[in-house]
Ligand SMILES: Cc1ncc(COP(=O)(O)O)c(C=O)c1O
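One chain comes next, on its own, written out as structure tokens in the form predicted on its own.
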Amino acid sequence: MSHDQTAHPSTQCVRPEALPASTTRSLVPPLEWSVVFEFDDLDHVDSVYAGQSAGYVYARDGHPNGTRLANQIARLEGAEAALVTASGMGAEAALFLGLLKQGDHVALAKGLYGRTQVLIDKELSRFGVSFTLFDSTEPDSLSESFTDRTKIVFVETITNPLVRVPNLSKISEICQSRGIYLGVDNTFAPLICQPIALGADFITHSATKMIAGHSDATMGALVGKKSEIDKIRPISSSFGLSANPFESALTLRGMATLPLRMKAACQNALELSQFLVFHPKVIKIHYPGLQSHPDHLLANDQFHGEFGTIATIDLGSRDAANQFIRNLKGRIPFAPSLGDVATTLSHPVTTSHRGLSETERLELGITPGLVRLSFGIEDQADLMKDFEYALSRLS
């Protein structure tokens, strides 16, 4: 469209001239801000809505940056399709809202991220959805939690914060024998585990964490078969769970270095856990890479020799945990998330599992002295020096 030089300035300001067609392409996927897309005519509208022509309508229903990111995550997980959401909890909400109806039942693994249990227990229960908790590290007990209305089993690849590892292949066999969906939160284990290959039907990610990797984008993803994702996609739109273009682009940029960051962070987690396990001020350390961990052999097999980036230490009391956190100020930040390029720490009782009662937390083994460590890519010697400094000053 040629620019109308005779138009009034107020008209010219809102009608930018179209660029000429380029014979070159952008090396970096462009950020496309638009929340709405332009059609040629009514026939074009009908063609796009009918799926006869490729195109976008409104960003809540889909946009180029979201499509690029979803396709990349689906490939990463060896799956047919994915949709991206505004957060990891948005991905879980899309899954449960897309599959469940009044009267349905969920078998929920113990020790999940606290907000996941709150979503089922406090929110979906208002719509008539019930749940039963089971120990995901004892697959043979799973059948005891089933009812005739069980629709989905939901577990984590590595539990939060005690980093237990369920046998996904065995759990999937049990689910498949009953015709029940298996959903897996794979936030802690991108690259080192592909739950779809182990029999899972759906994967969720808080892509805010390792996938984006820089604590500057809030993002979620739901992964599965194309036919299932296509059914859930309009529900995600209707509930306003969709991701925006800018954070989709940031996450896609961060994902480019995921293999490098994951390798370095896993190595740091292993080396520092081997250091901390012998420290006299550490009462207990939870990390599947340690031979003392109850799931070490399973983790070694299921994750092909990697063990994740998260370790949790028990310092015995809230006071000790608080002192440790204060001692690390300026070295390791207390930031209640994970997956950053820098090592961070969190206190599950006061952050991720704050929504649970004290009784519920203690039943899960989440005590006031627990501190969760999310390892980054720093030099190992510097990290050892930081932790030694903080631990040696505990009274």
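Please read all numbers here as calculations on a predicted model, not as lab measurements. In this text, residue numbers run from 1 along the sequence as written.
Here the subject shifts to the form predicted in complex with the named molecule, a form of this protein not shown in this document.
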statement: Among Leu338, Leu370, Ile332, Ala70, just one has a heavy atom within 4.5 Å of the named molecule in the predicted complex, namely Leu338
task: Just give me the single entry in Phe134, Tyr181, Tyr113, Phe146 that has a non-hydrogen atom within 4.5 angstroms of the named molecule in the predicted complex.
output: Tyr113
statement: Only one of 247-255, 206-214, 163-171, 286-294 sits within 4.5 Å of the named molecule in the predicted complex by heavy atom distance, namely 206-214
query: Is Val282 a contact residue for the named molecule in the predicted complex, using a 4.5 Å heavy atom cut-off?
result: no
query: Can you check whether Phe307 is within 4.5 Å of the named molecule in the predicted complex, heavy atom basis?
result: no
- prompt: According to a 4.5 angstroms non-hydrogen atom cut-off, is Met89 in contact with the named molecule in the predicted complex?
  reply: yes
task: May I ask you to check whether Phe188 falls inside a 4.5 Å heavy atom distance of the named molecule in the predicted complex?
output: yes
statement: Restricting to 126-157, the residues within 4.5 Å of the named molecule in the predicted complex through any heavy atom are Glu156
